[in-house]
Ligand SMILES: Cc1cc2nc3c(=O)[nH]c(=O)nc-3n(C[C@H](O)[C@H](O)[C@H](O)COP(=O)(O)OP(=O)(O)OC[C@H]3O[C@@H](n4cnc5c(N)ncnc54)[C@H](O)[C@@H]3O)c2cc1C
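We begin with a single chain expressed as C-alpha cells, specifically the form predicted on its own.
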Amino acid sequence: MKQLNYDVLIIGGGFAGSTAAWHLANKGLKILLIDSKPWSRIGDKPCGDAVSKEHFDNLGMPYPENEQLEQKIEGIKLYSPDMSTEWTVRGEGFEINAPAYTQRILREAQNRGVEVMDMTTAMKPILDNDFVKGAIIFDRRKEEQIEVRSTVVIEATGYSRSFRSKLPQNVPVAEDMDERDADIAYREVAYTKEEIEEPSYLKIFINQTTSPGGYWWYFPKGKDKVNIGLGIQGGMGYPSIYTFYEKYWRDYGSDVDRNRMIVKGGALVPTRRPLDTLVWNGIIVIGDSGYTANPVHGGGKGSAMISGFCAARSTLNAFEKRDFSSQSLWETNLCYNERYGAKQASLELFRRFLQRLSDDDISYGMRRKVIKEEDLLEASTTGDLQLSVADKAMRVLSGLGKPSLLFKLKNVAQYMKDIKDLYRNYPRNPAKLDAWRADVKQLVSEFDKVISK
C-alpha cells in the first residue's frame, strides 16, 4: 500500500473543512484535504443556504460574490402557527450557492498550497499510542487504498461522522447522539410562478402539526427562485418527512413551480450543544460532525466556519509547540465555546422547551408578545433570554392567562443562563472534562424535569 505523509489531513471539504483549509493555507504546513464527492458537488448539502454576514466579518472570510451570492438578506419574518402574527427580526445575511462558495474557498486554499483529492473517502483511522496519526483512505478515481500519515487530523465528515465513529468508544470525540437531538430536513429549490414580493426577507413558519418539533422555511434565492423546506424532530416516530412535505408545501409555497425544480434532497441536522470536547490526541472534530449547528433553527454554515477557524488556529499553535496532544489542541474548545458553543448550549434548552409547546401556546405567546421580537433577537444572537420576573408577574396579574406558560418561561430563562455560565467556565484542560461533563448532564436532566411538569 502506498504511503503519504502530511502535517495535516482534513477529511471533508464542506463549510467547516474548507474554512479550516483556507485559514491553514500558506502557513508552512503540508496539508491534504479529501472529500467523498466529485469536485463539482463539494459543498452540496441540503439546507436553507442562509448565512449571517457577521460570520464572514468576524472570521475574515471573503463575502460570496457573483454566482456564489443568490440574494442579500435584510431579515427574517417569523409566523405563528395560526398565521395571525408576523414578527420581523432584522439582520444582514446572504442566501448563497453553497457549492459555488465552498469550491471558491477550496480553490483559494489550493492555490496557496493545500492539496485536494475529490472522490476520496477515509476508511479507518490510524492509531498509535492513543494518538490519531492519519487514515487509510480510498481514492475512487484510481481505485486504490493509500495510507496517509499525518500529525493532525481535522475531521469534518458532516452528520455521517464517518471517520470519528470508527474510533474506540472510550475516545471522547467518539461521543454519539440521541436521535431526538437531531432534525430530519428536506428541501427543494425551484423557480416561482411569479416574482417574489419581498426577496430580501427569509420566512419561517412554526407549526407543530405541519412540522412537529421543527419548522417550515421559505428562503428566496432571487426574484423568482426559492429554497423551500421543513425540518421535523428525529427519534419521535413521526411519519416520513416526505409525507409532511407533500401534504403541506402549498400552505407555505403556493407560488412554487415544482415543474421547474432545480434540486431536491434531505439531510439530518444536529440540534444540540456541541461535542463535550472537539479534540483529542491528534484529532479535531468540526462542523456537523462536532454537532455545531444552531439547535433552534438548525442553521450550521456560520458555526461550521467558526469551528474551522478555531481548529486552524489551534493547529498552528500546536505546530509551534510541537505538541499535538489533547492538552495542546484544547484551545479549539476554548475558542469555539467562547465564540459560539456557550450560546449553542443555551439554545439547546430553548429548543427543548419550544418542542414541548402546542400550536396554541406558540400562537398565544407570539400574539401577546410574551416573548418579543427583541427578546428573540437577543436569544438568537447571544443565547440569553431576557425575561423580567416583574414583567411576567404583571402580565399574569393583568389577566392575560396561561400563568403556567409564563412560569415555565421564567425557569427556561434561568436554566439558559446557568448552562451558558457552565460553558463560559469550560475546563482549561482535559483532566477536568469528566467533572464538567457531569455538571452539564445534571443541569440538562433537571431542566427536562422542570419543563415536563
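Small disclaimer: the values here were computed from a predicted structure and weren't measured. Don't overthink the numbering: it's just position in the shown sequence, from 1.
Another form exists, predicted together with this ligand; not displayed. Remarks below refer to it.
Asker: Taking D49, A122 and K301 as a possible spot, do all three reach this ligand in the predicted complex with a heavy atom inside 4.5 Å?
Answerer: Yes, the whole trio is in contact, each within 4.5 Å by some heavy atom.
Asker: Based on heavy atom distances of 4.5 Å or less, which listed stretch (424-432, 61-69, 23-31, 41-49) is in contact with this ligand in the predicted complex?
Answerer: Selected range: 41-49.
Asker: Taking this ligand in the predicted complex as the reference, which of Q344, T315, T277, T157 has a non-hydrogen atom within 4.5 Å?
Answerer: By the 4.5 Å criterion, the partner-contacting residue is T157.
Asker: Please tell me whether any heavy atom belonging to G287 falls inside 4.5 Å of a heavy atom of this ligand, as the geometry stands in the predicted complex.
Answerer: Heavy-atom contact with this ligand at 4.5 Å: present for G287.
Asker: Looking at the partner-bound form in the predicted complex, is L9 within 4.5 Å of this ligand by any heavy atom?
Answerer: Close contact is absent here: in the predicted complex, L9 is far from this ligand, nothing within 4.5 Å, heavy atoms only.
Asker: Would V269 count as touching this ligand in the predicted complex under a 4.5 Å heavy atom rule?
Answerer: V269: contacts this ligand in the predicted complex.
Asker: Taking 4.5 angstroms as the cut-off for heavy atoms, does S200 touch this ligand in the predicted complex?
Answerer: No, S200 sits far enough from this ligand in the predicted complex that none of its heavy atoms falls within 4.5 Å.
Asker: Going by heavy atoms, what in 199-220 lies within 4.5 angstroms of this ligand in the predicted complex?
Answerer: Residues within 4.5 Å: W217, F219.
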